[in-house]
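In structure tokens, one chain follows: the form predicted alone.
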């Protein structure tokens, strides 16, 4: 589901604060830069508020944020809805025993790790990232959480690149996005 199809005036403010950088990090990529959104306190707050309004009262016990930009949006959402924050990190960043999941990106491949014990069986989890492109990162995040026994309730992203059809790879899990790529 896309909030950008709703009539909420905050969506236009959020969309207008996302800068598009051509040919970054590789030729042909239209990078959706959220750093300009973060520089606008109102647009940043509106972004968090829209997610909190959606997830408050949904009995979500864990918000899993994908490194690195999911770390920006995930913790304030988790705090506001009374859930714990679970960092999903790049390889070799977490001490101790981890679950590991490799995945393909729009422009390469990568890996996510999560501490064993970060979520318990039966927990209700929300996966948060800044953007969905091909869906590989969100799928890896869902796989990590589900291997630990959590139920992934939904995935939430600020931006979707609909042409890449990443939502089609989410195994039927709902996706909530605020804006579509420019």
Partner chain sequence: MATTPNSLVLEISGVKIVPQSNYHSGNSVKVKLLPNTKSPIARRTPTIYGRTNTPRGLQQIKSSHMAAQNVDSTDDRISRISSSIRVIADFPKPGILFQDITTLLLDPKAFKDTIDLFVERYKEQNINVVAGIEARGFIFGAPIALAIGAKFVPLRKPKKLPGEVISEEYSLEYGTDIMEMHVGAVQAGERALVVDDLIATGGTLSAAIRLLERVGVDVVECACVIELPELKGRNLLGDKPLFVLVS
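The shown structure was predicted, so the numbers you read here are calculated from the model rather than taken from an experiment. Positions refer to the first chain, counted from 1.
FYI, the form predicted in complex with its partner chain isn't displayed, but the following is about it.
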Candidate from 41, 122, 27, 57 lying within 4.5 Å of its partner chain in the predicted complex - any heavy atom: 41
Site test, 86, 89 and 96 vs its partner chain in the predicted complex, non-hydrogen atom cutoff 4.5 Å: yes
Exercise: residue 71 in contact with its partner chain in the predicted complex, heavy atom 4.5 Å: yes
Distance check, residue 153 to its partner chain in the predicted complex, heavy atom within 4.5 Å: no
Contact flag, residue 45 vs its partner chain in the predicted complex, heavy atom cut 4.5 Å: yes
Contact test in the predicted complex: residue 21 vs its partner chain, heavy atoms, 4.5 Å: yes
Partner contacts for 108-140, taking its partner chain in the predicted complex and a 4.5 Å heavy atom cut-off: 115, 116, 117, 118
